[in-house]
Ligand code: GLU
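Presented below, as structure tokens, is a lone chain in the form predicted on its own.
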């Protein structure tokens, strides 16, 4: 594609990308992927990454959501040169405070006749849409207020009607652009209705402020969801009338569940916060998102700099990208395996109670680490290794019954013997068993399960007192078990 080739030819300092979320909710994975792609594109070419908050919807925007978005992006490692916390005044990155930028643009549009006040009510607009649909025509603004003269406008003002501001779409104009993902695009302006650029309450509409900010902030390349593809011709018209530069657009495929439907709660955790609280690592999430809608020959776990080096805008795919929970767990496992001892310790301690005895902590962590993937796994194994009562699954209960009383009585006796250190070899010798006949019932008695830590790691984590109690409990519970 022409746009892809242009990007690849650019000088390294020329690329400026951005992520511009609306602070009306939490950061979900679809938006996180958009942020990641823009970040990687900037880093790939040594450019700048901008974070802008589109908070003109005052009723739904909140400081809490802004703080949450910033925290999630920082946790993912997507750091920006312009935006919150980057020594920029609020007005540089918050749309709600950029009125001094938008005001002169509105005045120029009105003065040139490229914008006009619209007094139509929501009811009138709805009736117009219904009539057009009934007549088999695509619904678009009918141009009612565009035809008003000064007397007609004055009459509506006298009636107490508030006015929005609409952009007057020029007739018969061909709009063409080369999308970095979808290729050449062409549209006739007659297919676009006049659109609102300022709401009745004076706040700026998306079509307007989004495009103005991109131009004013020097955004050169923009990757965004393909649901914005139809918005691009409107914004190009607007920028053209104002004589402002438009970025090069690329509209990435939408993120769906593995059933092909748009992501929702039924697909499980869909926000960065939910995944973080579940124990997923930022690098695991980024590795998954890097491969959703973007093909790469790199199959191993990558750092963000490595992703940036391998990010190729020509490899963005048009087909919808499916979020596969199995793949997410795959990258979580790969990330956990990449941690050194200190990093693994820090991750594990997040999910454990703070009052663990320090002298037994290392043994506990050594036993838990190879057997966990998420925070819930850490908590489960802590409860198994430190809890007072075990619950036994069906297979574990059967293994205990099959081993019989003699096995557990002998193991319990060996566990109190001072003659030899308590390890797997000592218990194996005492019970006279080996292989599965030894490991299965012993692990079942100590954990209630047939899988888990290596036996010696398990024994060190449990400690002699807890081991003796659990073995003795099994011996006492099976007075009639086969010998």
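From a predicted model like this one, the values you see are computed outputs, not experimental measurements. Numbering follows the first chain given and starts at 1.
If you look for the form predicted in complex with the named molecule, you will not find it shown, but the lines that follow are about it.
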| field | Segment assignment from 132-140, 205-213, 381-389, 347-355: heavy atom within 4.5 Å of the named molecule in the predicted bound form | value | 205-213
| Taking 4.5 angstroms as the cut-off for heavy atoms, does residue 228 touch the named molecule in the predicted bound form? | yes
| query | Could you tell me if residue 224 has a non-hydrogen atom within 4.5 Å of the named molecule in the predicted bound form? | reply | yes
| said: Can you tell me whether residue 462 touches the named molecule? I mean in the predicted bound form, with a 4.5 angstroms heavy atom cut-off. | reply: no
| So in the predicted bound form, does any heavy atom of residue 20 sit within 4.5 Å of the named molecule? | yes
| request: Could you run down 124-143 and flag each residue that has a heavy atom within 4.5 Å of the named molecule in the predicted bound form? | output: none
